[in-house]
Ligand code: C2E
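Just the one chain here, the form predicted on its own, laid out as structure tokens.
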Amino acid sequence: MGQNYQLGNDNRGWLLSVFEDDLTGLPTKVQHKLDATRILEQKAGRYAYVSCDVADVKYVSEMYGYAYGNVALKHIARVLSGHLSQDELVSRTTGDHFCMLLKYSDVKSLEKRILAMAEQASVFPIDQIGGTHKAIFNCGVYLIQGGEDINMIRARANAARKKNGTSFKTQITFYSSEDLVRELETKELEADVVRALRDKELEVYLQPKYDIHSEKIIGAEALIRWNHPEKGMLSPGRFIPACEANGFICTIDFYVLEEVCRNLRAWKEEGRQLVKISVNFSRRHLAEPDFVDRLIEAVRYYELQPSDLEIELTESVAYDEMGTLLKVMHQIKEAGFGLSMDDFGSGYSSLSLLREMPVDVLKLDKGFLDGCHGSGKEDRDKRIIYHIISMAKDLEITVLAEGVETEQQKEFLKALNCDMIQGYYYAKPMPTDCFADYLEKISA
């Protein structure tokens, strides 16, 4: 059998729940890390670390009662434990998440063994319906190289697991050499971003927004660029996804806001013409209780009005974040800022939710416009654009189409009574000082 778990007789019984899971009797995350570290330091042989999410346990709990969910978890723990040999481990680290330390001789037999364990553990009884339920195991595996920190080992197994998509069968994904390259690149990027923020390498560009009928500039969107000392000018696609993943995006978003406020203040003092500037904010800010307060503080510091700015939030938030999103939207509006919903049509919003969103502007997801170039779904995309614009008009919401690149696209949107357009057809994003000059020139 596997590694026996005991607290010992040294008066630490009151710490039992810290080291042993009350429900399954398996080691907790804390004890698992201690045991895994000891085994890897003292035992020879090849080891793999397996990170498993078990789908449907939450569903079973909510559908039939938490007692049945607990039955499932205890069954899974019992089956996995029964498959362990000496100096192997299994733990329940969170609700429906299990981790294992397994010995192996070759990758193919290891994968076959994990699949067999998952298949047996995934079938558990549901007495209420007189049958069984088959759950789905989502597994990530890291082949330990030796001398590695257990936290890094766990992180790599978790990274492999997160690569799995939605499926109706057990999935097993191994951490690969390509993953290692991406991990090293991400670590290097993180260090570079810290330096870039310190040394002001990140630059704010502005892209004009035009009234589609008068063709006058009525606003601009702030976009970030990275003037890297070695790699040259980097577009957001080169670094924003990684910054979203590690949380740096929150710092970058407020960096952009401060640069925009600083420029608006300077332009006011110089008597230049002003338009409303929109600033993008990541969904990660939704979890920050002081998010709107920080927006207000930045505006006050630069002696601006909230109405000088428009806050852009993305629609692509998780469904269970929608309540928080609506709450934050109302706080932003009550503070006096303009509010726009970016990439509308790409996320989870329903028409009923749109009625509750206090947005001033809907930004059409660029993918719909891209689909109007003669592909098989052209008519469908055109109908979607038509219905979104019509619906927004009924709700007295302004519609902005971004990514407009051709005369044909502009005329198509104009015929549908779209309000604003933004894209290379009129102007590319430009440095802030160039934008100020461009605005004066085109408005003369």
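Residue positions are given as counts along the sequence shown, with the first one as 1. Fair warning: this is a prediction, and the values are worked out from it, not measured in the lab.
There is another form of this protein, the form predicted in complex with the named molecule, and it is not shown here; the text below is about that form.
For the candidate spot formed by 223, 366 and 404, every residue has a non-hydrogen atom within 4.5 angstroms of the named molecule in the model of the complex.
Note on the partner interface in the model of the complex: the residue among 81, 171, 282, 93 having a heavy atom within 4.5 angstroms of the named molecule is 282. Between the options 249, 328, 139, 264, the residue in contact with the named molecule in the model of the complex by a heavy atom within 4.5 angstroms is 249. The stretch from 71-79, 287-295, 336-344, 300-308 that comes within 4.5 Å of the named molecule in the model of the complex, counting heavy atoms only, is 336-344. The named molecule is not shown here, but in the model of the complex it comes within 4.5 Å of a heavy atom of residue 236. Under a 4.5 angstroms non-hydrogen atom cutoff, the named molecule in the model of the complex has residue 207 among its neighbouring residues. When contacts are judged by a 4.5 Å heavy atom cut-off, residue 144 does not count as touching the named molecule in the model of the complex. In the model of the complex, the named molecule stays beyond 4.5 Å of every heavy atom belonging to residue 357. Contact residues in stretch 243-267 (any heavy atom within 4.5 Å of the named molecule, taken in the model of the complex) are 249, 253, 256.
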